[in-house]
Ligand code: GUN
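The data below hold one chain only, encoded as structure tokens and taken in the form predicted on its own.
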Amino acid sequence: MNIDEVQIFRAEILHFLADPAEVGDDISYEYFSDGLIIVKSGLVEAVGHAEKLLPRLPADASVTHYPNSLIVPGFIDCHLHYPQTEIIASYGEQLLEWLENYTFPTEREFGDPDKASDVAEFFFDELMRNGTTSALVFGTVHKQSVDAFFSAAQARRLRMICGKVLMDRNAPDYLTDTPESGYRESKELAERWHGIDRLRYAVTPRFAPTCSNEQLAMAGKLLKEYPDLYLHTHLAENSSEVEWVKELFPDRSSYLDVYAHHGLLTKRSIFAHCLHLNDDDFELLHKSGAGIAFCPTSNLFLGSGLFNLARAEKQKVKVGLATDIGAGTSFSLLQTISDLYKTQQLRNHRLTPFKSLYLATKGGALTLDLDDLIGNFEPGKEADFIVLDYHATPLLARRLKRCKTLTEKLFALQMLGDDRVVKNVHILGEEVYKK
């Protein structure tokens, strides 16, 4: 080995090989109580027990050791809005009022490139502080918002997906485009950023109520012309929203059928929320290969409802976890997992800590069609990982002393953890954040 190209990290290590709901907890993951990750040129070369891998290394190899810590793949956030960073924790609304009173006035500011760049930099600082290394993100209707986002992500060598919002009706004039301008500007942005370094582009109609049939058709045209682009939008978040869609699209059989009719269901289509779907909708998602971004914190905050994860599992629909900043109230996917568990308790669905962590890592990678690149520590994957500190708070350290199994440790970490637990973040093997 060329020591200059190799990095070696030692700690407890956990990653997932399969969905615990499909294969069972016990064989869904690999866990090394004293493990090593060997990284070469930014990619995972090997992962395993330290006692087996250490003899393969040169005697003078440098090993970075993280005691009292757990290394896991970087968290993957499948849906959030970077322009809403500054309106997080705004009081007292449900979805449609939230948009009118908070979201739209704030997004107006992102026509200013300096504003967009300033928020993007802070946004990425927050992601790193919370251990999120990849995400699918909304911009605003302004091209500048997407250029600012991708420029900041590129400088940090992050794997990120973003897109310009498409919105030609039922929104303030200062935030609307047209089917033609939305198509043209989205195409320009996709050609400038999609596939550059670790960046991908998402065609991004805000949601059906703010898009005419003509604009949704143009979004479908883009996906036909560039089939490797993503589609990112909202679906069936709020019961009033669902009723509104029925009024706006009376010829369609369901909210999801609006998108399907315009060619917006592909294996790279991600629909946020999906709280009010029927069995036919879930079957259509399964057949198309589309995925769901499950946003438990914002669903609770806006009073939108409880996602039926068990039904999604039964009908084999891809699901990833999401914070949905700014209706979500934390950048931390650990805190989001805590709300995830509670929402499923209310549905009498007992969620294991293995499934929860899977959704935040490999499950997110599968949902975003990035499983060949990130999500676990299989050799050849990009070495994005985080180090979680078992002693981050006095309460956590004290609680973990009583844990006798890995299941108990993970559950306590998920219920008590937040940004304070994230000790280090590595992107392509390089440390980019240290608490």
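None of the values given here were measured: they were computed from a predicted structure. One rule holds for the numbers: they count along the sequence shown, beginning at 1.
The following text describes the form predicted together with guanine, which does not appear among the structures shown.
> Of 119, 99, 319, 128, which one comes within 4.5 Å of guanine in the predicted complex, counting heavy atoms only?
Replying inline: Result of the distance check: 99.
> Between the options 298, 145, 269, 132, which residue brings a heavy atom to within 4.5 Å of guanine in the predicted complex?
Replying inline: Filtering the options by heavy-atom distance leaves 298.
> So which of 285-293, 119-127, 206-214, 176-184 is the stretch with heavy atoms within 4.5 Å of guanine in the predicted complex?
Replying inline: Heavy atoms within 4.5 Å of guanine in the predicted complex occur in 206-214.
> Going by a heavy atom distance of 4.5 Å, is residue 232 a contact of guanine in the predicted complex?
Replying inline: Residue-level check for residue 232: no, no contact with guanine.
> Does residue 335 reach guanine in the predicted complex, with heavy atoms at most 4.5 Å apart?
Replying inline: No - in the predicted complex, heavy atoms of residue 335 and guanine never come within 4.5 Å of each other.
> Taking the shortest heavy atom distance, is residue 95 within 4.5 Å of guanine in the predicted complex?
Replying inline: Yes, residue 95 lies within 4.5 Å of guanine in the predicted complex.
> Does residue 302 reach guanine in the predicted complex if we count a contact as any heavy atom within 4.5 Å?
Replying inline: Contact with guanine, yes.
> Judged by heavy atom distances of 4.5 Å or less, which residues of 312-340 approach guanine in the predicted complex?
Replying inline: Sequence-ordered list: 324, 327.
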